[in-house]
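One chain is shown next in structure tokens, namely the form predicted on its own.
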């Protein structure tokens, strides 16, 4: 059964941007895609354990601020070296102007 946790309001994230969300000792990144959809991944880069919220969003990619590795935040797929381990992704739903993620 999903454990939906309120992460933010839809208006907290501009399109093609992200915010950091901390919950129960873990960090997540919540993204607002160009098409208006919301996505969530683990909040730290798999290469150097850096917060992705300081990175650059370009289309459907997040670029790590430390070594410029890139991930597709829709799937978590590592897209550019030096990253080679995919990001974990989490289900997201938007309802009544709020964004929820399933962290289970």
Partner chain sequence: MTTATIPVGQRDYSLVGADSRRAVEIGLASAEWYHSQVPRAVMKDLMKRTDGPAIRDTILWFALLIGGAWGGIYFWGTWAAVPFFIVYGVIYGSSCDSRWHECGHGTAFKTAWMNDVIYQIASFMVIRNPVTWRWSHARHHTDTYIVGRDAEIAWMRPPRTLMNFLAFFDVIGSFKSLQILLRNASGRLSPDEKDFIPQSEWGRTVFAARVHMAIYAATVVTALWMQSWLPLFLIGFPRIYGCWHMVMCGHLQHAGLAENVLDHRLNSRTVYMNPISRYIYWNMNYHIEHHMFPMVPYHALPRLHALIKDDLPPPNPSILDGYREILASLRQQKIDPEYYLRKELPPTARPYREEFHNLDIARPGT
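As the structure is a prediction and not an experimental result, all values here were calculated from the model. Numbering follows the first chain given and starts at 1.
Although it is not shown, the form predicted together with the partner chain is what the next lines describe.
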Please tell me which of 42, 33, 78, 53 lies within 4.5 Å of the partner chain in the model of the complex, judged by heavy atoms.
53
Using heavy atoms and a 4.5 Å limit, would one call residue 91 a contact residue for the partner chain in the model of the complex?
no
I'd like to check something about residue 22: if you look in the model of the complex, is any of its heavy atoms closer than or equal to 4.5 Å to a heavy atom of the partner chain?
no
Residue 63, heavy atom within 4.5 angstroms of the partner chain in the model of the complex:
yes
Hey, in the model of the complex, does residue 37 get a heavy atom within 4.5 angstroms of the partner chain?
no
With the partner chain taken in the model of the complex, which residues across 33-49 come within 4.5 angstroms through any non-hydrogen atom?
47, 48
